[in-house]
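Below you will find one chain, with nothing else, as structure tokens; this is the form predicted on its own, and questions on how it binds or moves follow later.
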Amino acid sequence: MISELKKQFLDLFGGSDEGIRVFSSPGRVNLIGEHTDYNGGYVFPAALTMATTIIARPREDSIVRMAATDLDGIVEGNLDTIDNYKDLSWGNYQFGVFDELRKAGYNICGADMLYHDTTPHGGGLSSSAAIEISAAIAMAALGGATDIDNIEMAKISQLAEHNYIGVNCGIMDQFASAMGKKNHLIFLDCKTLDYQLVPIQLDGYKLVISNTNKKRSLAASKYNERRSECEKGLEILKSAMPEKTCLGEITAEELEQHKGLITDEIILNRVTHVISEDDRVLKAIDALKNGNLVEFGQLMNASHVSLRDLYEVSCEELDTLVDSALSIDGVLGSRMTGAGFGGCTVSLVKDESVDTFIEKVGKEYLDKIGYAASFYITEIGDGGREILD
């Protein structure tokens, strides 16, 4: 694939292959711990082998030219007028990253870049984080950085979304894309960024991602609404626990003790989801460490119920995929993953049940929803890096 991409690069941008370098960063799937990241809680994602790959070559000027294998044309911008590209339909995330790299003191230079994405867009698998992390590592390296800190790349990419794109996202997506490791999940404390790599032995099971293929028109507005509801809940609970700075610091026992303070049922539901979801992450880690995939699957199922009923970020399409999945022998667990209102589910499926899963879930979804879902049998891969020959 790399040799073919280099050929496409030279066809597009001309010149020689001197100075060409290759960078990659993956999408991610979150196995459990949803809508906890911006509440200072715990998440448990994995990097995928679906990724953004960049073929890049530095330039002598401040011009950046970018193309993608699945898009027509070349997007061109000047690093000297970097604020001018916020409204690009494609390329704005990259320019936001370049802007934050410069603010952080990195030398950045003009470049020609060809992007190749295998992470599906709009499916909740963080194709945007894959683009951001690969762009950050590529531009830092082209500018002369040799010892690149991937955690710093994750922070820079998150700031690009906040400051350039205008999305007040959590850190999970960028962190998982940057720091993933093959056959490991990442247990991340989103408040401190302390993390552990936890091995996962699937032993006869596969992770199957099912994509609703629904356009997620509600996701952004509802995300901001949920975030505001959580902030209101925290402020109420701080009247009894003034030392708490985020919901992630509040235990299930503390919530039980003080939940009477929250008289708004919707606010209580949101807070209850976040705090119980943090507890599920901790139990999921123990389940994996004990090799108990059955318990892990049950926690996935409980997570989906909470996201559906308490946090209310599921939808008919996601629920159809989950309900259909759980009717099949050999499925240990299934849940929505990502922001919700569309996107994907992730299911833990016995090897010999995978074909039946795709056939039956696909048929039931098409019959009920009216258009097809897509399915990906995924592996857990490495995080952002330069690919060396």
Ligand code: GLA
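So that there is no doubt, residue numbering starts at 1 and follows the sequence shown. Worth saying up front: this structure is predicted, and the values here are computed from it rather than measured.
The same protein has a further form, the form predicted in complex with alpha-D-galactopyranose, not shown here; the description that follows concerns it.
A.B. asks: With alpha-D-galactopyranose left out here, work out from 114-122, 232-240, 255-263, 166-174 which stretch has heavy atoms within 4.5 Å of it in the model of the complex.
C.D. replies: Correct option: 166-174.
A.B. asks: Though alpha-D-galactopyranose is not shown, can you say which of Trp90, Tyr106, Tyr195, Tyr223 has a heavy atom within 4.5 Å of it in the model of the complex?
C.D. replies: Only one listed residue qualifies here, and that residue is Tyr223.
A.B. asks: Does Phe357 reach alpha-D-galactopyranose in the model of the complex if we count a contact as any heavy atom within 4.5 Å?
C.D. replies: No, no contact at 4.5 Å.
A.B. asks: Is His35 one of the residues lying within 4.5 Å of alpha-D-galactopyranose in the model of the complex, judged by heavy atom distances?
C.D. replies: Yes, contact at 4.5 Å.
A.B. asks: Using the partner position in the model of the complex, report whether Gly40 sits within 4.5 Å of alpha-D-galactopyranose, counting heavy atoms only.
C.D. replies: Gly40: no, not in contact with alpha-D-galactopyranose in the model of the complex.
A.B. asks: Should Gly343 be classed as touching alpha-D-galactopyranose in the model of the complex when contacts are defined as heavy atoms within 4.5 Å?
C.D. replies: No, Gly343 is distant from the partner.
A.B. asks: Within 4.5 Å of alpha-D-galactopyranose in the model of the complex, counting any non-hydrogen atom, which residues from 323-341 show up?
C.D. replies: In sequence order, Gly338, Ala339 come within 4.5 Å of the partner.
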